[in-house]
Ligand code: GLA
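A single chain, nothing else alongside it, follows as structure tokens in the form predicted on its own.
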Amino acid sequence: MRKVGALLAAGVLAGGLVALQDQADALENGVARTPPMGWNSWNTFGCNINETLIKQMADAIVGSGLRDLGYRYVVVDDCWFDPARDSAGNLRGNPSRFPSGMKALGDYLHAKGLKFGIYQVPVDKTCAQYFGGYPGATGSQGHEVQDARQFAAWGVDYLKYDWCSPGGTIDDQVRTFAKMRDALAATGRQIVYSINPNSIHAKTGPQRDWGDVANMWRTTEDITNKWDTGQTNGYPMGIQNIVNVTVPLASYARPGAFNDPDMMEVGRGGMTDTEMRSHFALWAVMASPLIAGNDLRSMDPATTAILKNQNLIAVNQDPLGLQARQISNDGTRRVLAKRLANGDVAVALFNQGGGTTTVGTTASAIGLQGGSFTLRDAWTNAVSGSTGAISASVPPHGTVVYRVSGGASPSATPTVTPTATPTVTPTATPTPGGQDGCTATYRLAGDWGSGFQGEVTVRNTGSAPLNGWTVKMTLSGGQTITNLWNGVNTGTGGTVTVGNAPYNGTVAGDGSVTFGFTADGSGSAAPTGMTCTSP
């Protein structure tokens, strides 16, 4: 959750970054088979909540038509509880803020066809309590089974569980979050389990696949209503910053388990309408939970149109539950593609730059074969035809989304190895090399002392498409690749050869693709002898 006071400077976990694991089995609790949709109180109201406000928001969800589009979870965030448990150790609602009690509130929401969400923490104090913004120490530490039973008795359908402590290793977090997972399961009630391991803590959200523990997990520090705050993964995070962290984690998403880039800021000011539309579109294609955070009682027409975009909601709620994979990214033009259950592919053409530019890809690059395709614009609903090119003129910070149909069935979902995003400011270190119509340019994306993250952009310097590419480079002594994505490598140290993955070998004229890697050793020395060749 957004911090109530000044953040503690959270350091890197002891022993360095934790290695990413292979995809674990999703939490099979029968819920969140598609990303949850709803509304949360924190972004707009913080601690200033009460029973009347929550009921008004529920009424607005119904009256605006949002409920019928899938927005069903109403999540009451921090500061809902009495600062002290009762004599039996039970949680209870703050009697002045929620005089009817929490069960009565849940009954009200259920009667309107909505679902009841609530907030708690696995440690002694909630974030508001930790920073002194709310009295007491009513966290679930030592009360996991008791609190889970209480939530079930109140009719809770969704639990947001926020770490709110600088202490604990990632293994400690896994064990602690698992206690509430198991306690919720033991109640017999189906409850969406949403966790945030990043609050007041080193950013462990992107360091593992949390799908064995929870239905959704935060990938970054808290969001704010700004486009770019300059943070890599620190407080507060803008939309662009969150996208940079969450895109590489695509392989973790599947039914019952989703990366959570935080509650939405649509309708809260601080950004242009174009940026708000991009925010929603990117959350939709990333299979992110669509949890609104604005005041639903006073939405302007632009906000209403964004939140009610049925084309994007359909993409987000597709039953395959896949997150869009990155097809290309040259620093300005970024292309993401999400395979859908009926064989269509949703393509996001994202302009990260400050001026209008053409962003494009091809049907073959997104896994479709054939010579005749239909493109439906998710914003305008306009339909156009194509023989394979997919492109649009996109305004600065804008995102055009096409639903592409036709051709043959898409190829298998690309296998991309995600990477932990170190909390450092990226430093560009261009090192170009090339021949035979392509160049390879290296960029240092992060260096945390004992390891680093590098990215190599392969650009087609000609007008005809490349049909495959190979990059050779020599790593400095002591550098050893530990993870590589968007390519296939031969060797991990010394001279390394990286070829295209099955899904990104075709590069349009003047187009590009990017592969990345993490490696042990210092990133102060860039790879040398870099060459790019194409058959």
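Start at 1 with the first residue shown and count on from there. Note that the structure is predicted; figures quoted are calculated from it, not measured.
One more form of this protein exists, namely the form predicted together with this ligand; it is left out here, but the text below deals with it.
With the partner left out here, this ligand still marks one of 459-467, 313-321, 160-168, 380-388 in the predicted bound form; by a 4.5 Å heavy atom cut-off that stretch is 160-168. Proximity to this ligand in the predicted bound form, defined as a heavy atom within 4.5 Å, holds among 280, 252, 119, 350 only for 119. With the partner omitted from this view, the residue of 209, 344, 275, 78 that lies near this ligand in the predicted bound form is 78 [heavy atom within 4.5 Å].
Shown alone here, residue 74 lies farther than 4.5 Å from this ligand in the predicted bound form, counting heavy atoms only. Although the partner is absent here, residue 196 lies within 4.5 Å of this ligand in the predicted bound form, judged by heavy atoms. Under a 4.5 angstroms non-hydrogen atom cutoff, this ligand in the predicted bound form lacks residue 156 among its neighbouring residues. Mapping the unseen interface onto this chain, residue 263 counts among the residues with a heavy atom inside 4.5 Å of this ligand in the predicted bound form.
Of all the residues from 216-238, those having a non-hydrogen atom no more than 4.5 Å from this ligand in the predicted bound form are 218, 222.
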